[in-house]
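Only one chain is included here, represented as structure tokens and corresponding to the form predicted on its own.
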Amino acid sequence: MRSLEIKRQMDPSAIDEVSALINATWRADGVRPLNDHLWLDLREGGRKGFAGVIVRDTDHHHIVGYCQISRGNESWSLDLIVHPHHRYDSMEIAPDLITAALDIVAQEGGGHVHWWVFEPNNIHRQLAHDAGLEAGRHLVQMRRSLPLSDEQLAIVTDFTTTPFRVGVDEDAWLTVNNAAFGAHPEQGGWTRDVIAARQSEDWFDPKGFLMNWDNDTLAAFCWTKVHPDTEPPMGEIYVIAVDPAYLGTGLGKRMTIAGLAHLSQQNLPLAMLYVDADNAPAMSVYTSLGFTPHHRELAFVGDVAAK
């Protein structure tokens, strides 16, 4: 017999259960569910605008499904996880999770919702359609081997970057990030609290957070991240941006190369990044640097009316 539990505050036991579900799904798919914003909301037990919906089955010691919503910059993020052992029952488990999550959004005043799906299939499309959501943003994860070629490294021979200075560079970085990602649902509108949450994560390394300055003005940055638990270990161009005033100067390509060079120095054999499929300039840069598509993720989006 299945039961559904809505949690607005996550206790340590529930966090452990959901973490076990995430790890099982990660092993099955090769991609970790929950983006960083959702993961931090889960880890912190439930900030304002958070809800976790858990499905249990009395015949199993593990939870069989989980749906989380978190209020973002100007929209709601939703993620849905069905345990790999129970995906044959997805059309029975998932609709109740999605309905409960969207009902909470409606009770909280409604708003725009996006649900990210790894390699969407017909079940995802049917679930989205039944929930009133339609296909929206389309992300591509791209990968390339390391190290870079001597020819690529020559592009940054005279290019200077400095590591992020914790307690010093936050405001300058926030200014450039929020200008570059003004309309972005996850990356735009960051605050000191948001960056402080990232800095508290085990993976944060200021030496891999590269800054390019034009005198006292931050012109561009490349924030890298290491995934030591993947097979093989992998580096990520986590966030990269150029101040809009410096667009068209080739900074984006040079910052990408600088980030990849840093990851290569960590003896990582592989690098990856995410890019919007319709961002032709960025796709062109990354393709020219040897990145190729690995998999695709799609956001199903819609507007939920307030109750």
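As the structure is a computational prediction, the values presented were derived from the model and not from experiment. Heads up: residue numbers just count along the shown sequence, starting at 1.
Beyond what is shown, the protein has a form predicted in complex with a small molecule; the following relates to that form.
Using a 4.5 angstroms heavy atom cutoff to the small molecule in the predicted bound form, all of G248, Y274 and P281 count as contacting.
Not displayed here, the small molecule is approached by V285 to within 4.5 Å at the level of heavy atoms in the predicted bound form. Heavy atoms of G252 reach within 4.5 Å of the small molecule in the predicted bound form, making it an interface residue. The closest heavy atom approach of W190 to the small molecule in the predicted bound form falls outside 4.5 Å. Residue contact with the small molecule in the predicted bound form: V55 places no heavy atom within 4.5 Å of it. Listed residues V242, L263, L34, A51 were compared with the small molecule in the predicted bound form; V242 is the one with a heavy atom within 4.5 Å. Interface residue among F204, F118, F181, W173 relative to the small molecule in the predicted bound form, by the heavy atom within 4.5 Å criterion: F181. Partner proximity in the predicted bound form, defined as non-hydrogen atoms within 4.5 angstroms of the small molecule, places exactly one of 74 to 82, 92 to 100, 123 to 131, 173 to 181 at the interface: 173 to 181.
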